[in-house]
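Next up: just one chain, as structure tokens, the form predicted on its own.
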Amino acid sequence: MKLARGTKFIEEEHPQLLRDESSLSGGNCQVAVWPEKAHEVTEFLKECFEDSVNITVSGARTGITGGAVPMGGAILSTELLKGITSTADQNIIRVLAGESLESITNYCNKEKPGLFYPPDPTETTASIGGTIATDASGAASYKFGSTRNWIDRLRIILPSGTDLTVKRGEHRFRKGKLNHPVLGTINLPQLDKSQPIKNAAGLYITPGMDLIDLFIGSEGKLGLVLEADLLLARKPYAVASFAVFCSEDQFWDLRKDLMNSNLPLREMEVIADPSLTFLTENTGKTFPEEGDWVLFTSIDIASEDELDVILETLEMLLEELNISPDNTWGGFDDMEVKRLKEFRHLLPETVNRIISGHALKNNKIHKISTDTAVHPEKLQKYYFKMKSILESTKIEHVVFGHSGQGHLHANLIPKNDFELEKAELAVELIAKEAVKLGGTVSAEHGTGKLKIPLLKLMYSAKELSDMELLVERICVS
């Protein structure tokens, strides 16, 4: 096991451990370890637990809420916990926490042709441990749902050092209670209202839930994910992707038409005005002159005949809304689909690059963004409220996200302390509007360190206290 000691030594020799994609500053720790074996993880966690040392678990550090940034104590990196193996079930693979989504894809392409792992967060370098900890989703979650839908088994090292294996279907809560041979009796907190369908804020709590789902999305509070059994899906004949450049009115109409169609949609994304202008100014890329909104969609194709039907249906929908084919980018082969995916990812990547530049001049600057979501039917109403708040700040901003799931990311780009304070207030106001509409303050990124204050907007003091008591209860097992 690789180990480093000393705040100054770690800061000088391993500065990457003290930051993630959130650009949150102030990271520091006294001890850093890189275990390669399960017993090394167990021994280190147990030692820290007995000495009351706080631990931050670090994966690929692609998170944008500061969850991997240590604020004292020790940091445990999963970077060297690598390995992917097949299981007796051909549709399941076993993966250690440090493997990336990209490496999982490469493994499936080589060893499991015809199968793939569906969860598709933006960053393919994200570690599987991190995506499980945050219940990551992404564009394809419109069809496939979040990470939790594709986890069959977890091996978890609890903070006390206890090595725990949880398999889906073996332990379920009954009337909010579960008796477990290792964990003992667990009582779920009682919530005043059910959690939104897409939600990554607080612990996952729903009637009759499986025990495994309590750990997924818990952001490491309940333990470190050491390895996971992932469910694979069969690849379709092909995937057709489209980017439709249109007006705001055309976007809302086309979104409704597509969601009401029988097309096998994989994703339904949006880039809203003024994002295209922002991209042109900061990347030099140009886009069709007509239309300042973009609707992205990908459609699973079962056969060549079905492709013809889908193209005809899409052409008809565009024609009815007076959207020119010249304003649509489409792709069917792997290269074209990749190009469109890179275009969609260009916006958050550009925002991150600019924020990082501002942070070099002022270390207080960090990424300010929303991860809020409402029921898809309420998205247009919610967007108008979000837009009003954003425009009132006079701060440069862009909006994009998963429109099919009512889930938008508003990214504000503050340049100084004054704009930073205004941006943070705007995020809180936007989160309040989401909660008023029955939504969530965090739909896929978790709360990390930056969004913890937003939890009080969504849960009562008692609900938050009960969640903390549950965390403490499991941590000492």
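Treat the numbers as computed from the prediction; the structure is a model and nothing was measured. Residue indices: 1-based, along the sequence shown.
Absent from the display: the form predicted in complex with a small molecule. The rest refers to it.
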Exercise for the section: Name the residue from I93, I299, L214, L224 that puts a heavy atom within 4.5 Å of the small molecule in the model of the complex. Expected result: L224
Practice task
Counting non-hydrogen atoms within 4.5 angstroms of the small molecule in the model of the complex, say which of L412, L408, L45, A60 makes the cut.
Solution key: A60
Practice task
Please run the contact check for P196 against the small molecule in the model of the complex: heavy atoms, 4.5 angstroms, yes or no?
Solution key: no
Practice task
Check whether H397 has any heavy atom within 4.5 Å of a heavy atom of the small molecule in the model of the complex, and answer yes or no.
Solution key: no
Exercise for the section: Answer yes if any heavy atom of A68 is within 4.5 Å of a heavy atom of the small molecule in the model of the complex; otherwise answer no. Expected result: yes
Exercise for the section: Examine L295 and determine whether its closest non-hydrogen atom to the small molecule in the model of the complex is within 4.5 angstroms. Expected result: no
Handout entry: Non-hydrogen atom within 4.5 Å of the small molecule in the model of the complex for each of P118, K235 and R266
Key = no
Handout entry: Which of 36 to 44, 438 to 446, 23 to 31, 413 to 421 sits within 4.5 Å of the small molecule in the model of the complex, heavy atom basis
Key = 438 to 446
